[in-house]
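The chain below stands alone and is given as structure tokens, in the form predicted alone.
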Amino acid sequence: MSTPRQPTFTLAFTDEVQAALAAGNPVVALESTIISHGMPYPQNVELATEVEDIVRAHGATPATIAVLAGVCHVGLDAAQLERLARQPGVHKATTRDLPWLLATKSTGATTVAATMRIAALAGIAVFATGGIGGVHRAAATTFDVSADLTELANTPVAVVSAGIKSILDIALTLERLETLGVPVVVNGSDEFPSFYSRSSGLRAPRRLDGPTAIAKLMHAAWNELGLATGISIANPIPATDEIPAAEIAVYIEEALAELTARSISGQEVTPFLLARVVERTAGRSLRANLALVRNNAATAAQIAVEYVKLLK
């Protein structure tokens, strides 16, 4: 099992999560930016609750992670979910923002990178999200590369996603992950997915079929080889929910052109692009996003169940 780094601050656990961890039962971490920045109220609370229920239905305990008033919470109760969903001015927090949130006793919704870091501190090995960040398409001039990649290189958590967000440069992101030594596998496909689509035109770095095989990879990485990296598990969106890659590419290019014209940069890039793609697809991309999040939650729970079996 991946060894959690010992924090020098207090992690706040819900009773459900604390009991599961104490018993060595499977737990799946969930990010919170989808609640505060992903969609409007009350749809954000409804989705967060549904995703937690999906994790439970597949045999694991959900642990939605956020920083509330300077305290890292591993698992949120209903009142806390509601607060995060409705409170204005919640910060979007990556790893570098965590010290500031704690020092100022502020509230932040965690991105992939920050969720990974807190999950690892709590001893949680599996994390479900929508898509991971990576190398932006204009990175040659902007140097815009997601902190998700840095965290994957340094934090032993398996991240189940629908792949790299298709608004990014998928090929360069895969190259960067290779350089960082991060194992990347695709669940059940020889082709790497592209978030909204099952295809990207790129071969899977490695393929594994199903939760048991993936859990064995995790065990080999952390318990046999002693690797300290995360693991990227690309879980293609269900075929019935995908938007063909050629079709979505048109809308992404239009959104990128508008991004350049408006000189948007930094943390605003990804939410701007995703919002524009939703508009241009008349909501189809949002429906696809919701479908892949549900699918990833189910798969992550199954992987967590299988991984725990290997530790007993």
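The numbering used is simple: start at 1 and walk along the sequence shown. Keep in mind it's a predicted model, so treat the numbers as computed, not measured. We call the rigid core whatever largest set of C-alpha positions still superposes within 1.5 Å between the two forms.
Beyond what is shown, the protein has a form predicted in complex with a small molecule; the following relates to that form.
Out of the listed residues Met218, Val160, Val112, Ile118, Val112 is the one that sits within 4.5 Å of the small molecule in the predicted bound form by at least one heavy atom. With the partner removed from view, the residue among Asn44, Thr270, Ser285, Thr61 that has a non-hydrogen atom within 4.5 Å of the small molecule in the predicted bound form turns out to be Thr270. At least one heavy atom of Lys92 is located within 4.5 Å of the small molecule in the predicted bound form.
Not displayed here, the small molecule is approached by His136 to within 4.5 Å at the level of heavy atoms in the predicted bound form. The small molecule is not drawn, but in the predicted bound form it has no heavy atom within 4.5 Å of Arg176. Under a 4.5 angstroms non-hydrogen atom cutoff, the small molecule in the predicted bound form lacks His73 among its neighbouring residues.
Partner contact region in the predicted bound form: 145 to 153, out of 208 to 216, 145 to 153, 237 to 245, 179 to 187, criterion any non-hydrogen atom within 4.5 Å of the small molecule.
Contact check at 4.5 Å (heavy atoms) against the small molecule in the predicted bound form: none of Arg198, Tyr251 and Thr281 pass. The two forms, fitted on the rigid core, differ between the shown form and the other one by less than 2 Å at the CA of Leu286.
Remark: with the core as the superposition reference, the CA shift of Leu256 between the shown form and the other one stays below 2 Å.
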